[in-house]
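Okay, so here's just one chain, in structure tokens, the form predicted on its own.
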Amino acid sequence: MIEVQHLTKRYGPVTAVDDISFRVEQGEILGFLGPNGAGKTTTMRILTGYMPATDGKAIVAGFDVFAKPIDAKARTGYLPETPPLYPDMTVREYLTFVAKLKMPKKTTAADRRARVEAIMKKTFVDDMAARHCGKLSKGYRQRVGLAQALIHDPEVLILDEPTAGLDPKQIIETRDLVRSLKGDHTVVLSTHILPEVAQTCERVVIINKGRVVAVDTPENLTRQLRGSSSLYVQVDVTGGDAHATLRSVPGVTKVDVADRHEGFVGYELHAEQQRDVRRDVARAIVDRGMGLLEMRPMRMSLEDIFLQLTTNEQSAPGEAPTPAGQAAEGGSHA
């Protein structure tokens, strides 16, 4: 549904987006992540036709956004960082105006009214229908902005920080709304709230300094970046040398103390890639008369992945990429 091929955007000597490529499949929700200044908003503006690229190609719903911008825009809904509201219009007046602009010309006035009422309920702004947009709170402005992006039932939705300024209840409602769009719409979601991506998106694109450093599922990134299987094991160490016992288990490559309490110790175990050592670890502890209190796999959180990929020194042009970059690129071609 969306295909970005070698997209580049330069502002004079500054390269904001540097030769990025990725795909978004039909009905998918894709998280688009990166630190401030990474090039996320520039990429979204190019995809929606608000800004031309310097080089490369962007295809949305089968249409090149540069060669056929009207066709591409007709199939795209866009919520920018600052929702494009008219402060002197009420919410209902504004959405009616947007519906006239975006819905097919053959749409009747009755159908437009019905669509406006339905979309206000769907985005939870119907209780503010008669209030002027200029008098709305930031959270309601965001939701009215989401309503205008959905009003013409687009195939593609590009959402830039859709939950910015919302209270916890509104965040949950908006997150559930975005999840409900899966399958019927293809969604690109940019956000700084990483748990939101983990709960909403199937895949992530992580961009840093204008370059894509990872395109994959969080699970695959965890596996690639950690490089080995990791376990947390908590042992009742009374009467035994747990560290030596764990180190002697075949396949275990490293044992570190994670935490220590009176009578028991938590260890972080690293094992050979693709080797499941859980049964052997449990047997070794029990056979030596120690108590196995807890054992669970250790996985990198999305925050860990994000920080590892975006805080490592990036390679200079022509140099080899960092190990994290290599892992990420490998995942993107899988």
Partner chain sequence: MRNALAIAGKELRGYFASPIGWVICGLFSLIFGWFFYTYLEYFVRNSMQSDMGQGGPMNINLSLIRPLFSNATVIILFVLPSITMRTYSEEKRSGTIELLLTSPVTDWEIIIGKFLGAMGLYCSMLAATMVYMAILFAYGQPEWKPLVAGYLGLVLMGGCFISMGLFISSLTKNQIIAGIATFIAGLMFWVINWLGDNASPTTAAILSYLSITEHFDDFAKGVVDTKHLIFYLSFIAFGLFLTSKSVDTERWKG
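Numbering follows the first chain given and starts at 1. All values derive from a computational prediction rather than experimental measurement.
One more form of this protein should be noted, the form predicted together with its partner chain, which is absent from this view; the next part is about it.
Checked against its partner chain in the predicted bound form, the residues 298, 51, 307, 292 give one hit for a heavy atom within 4.5 Å, which is 51.
Checked against its partner chain in the predicted bound form, the candidates 130, 101, 110, 244 yield a single residue with a heavy atom inside 4.5 Å, and that residue is 101.
Interface membership of residue 169, defined by any non-hydrogen atom within 4.5 Å of its partner chain in the predicted bound form, is ruled out. Contact annotation for residue 70: at least one heavy atom lies within 4.5 Å of its partner chain in the predicted bound form. Residue contact with its partner chain in the predicted bound form: residue 264 places no heavy atom within 4.5 Å of it. The closest heavy atom approach of residue 78 to its partner chain in the predicted bound form falls within 4.5 Å. Heavy atoms within 4.5 Å of its partner chain in the predicted bound form are found in one stretch of 252-260, 188-196, 102-110, 170-178, which is 102-110.
For the three residues 9, 85 and 94, a heavy atom within 4.5 Å of its partner chain turns up in the predicted bound form in every case.
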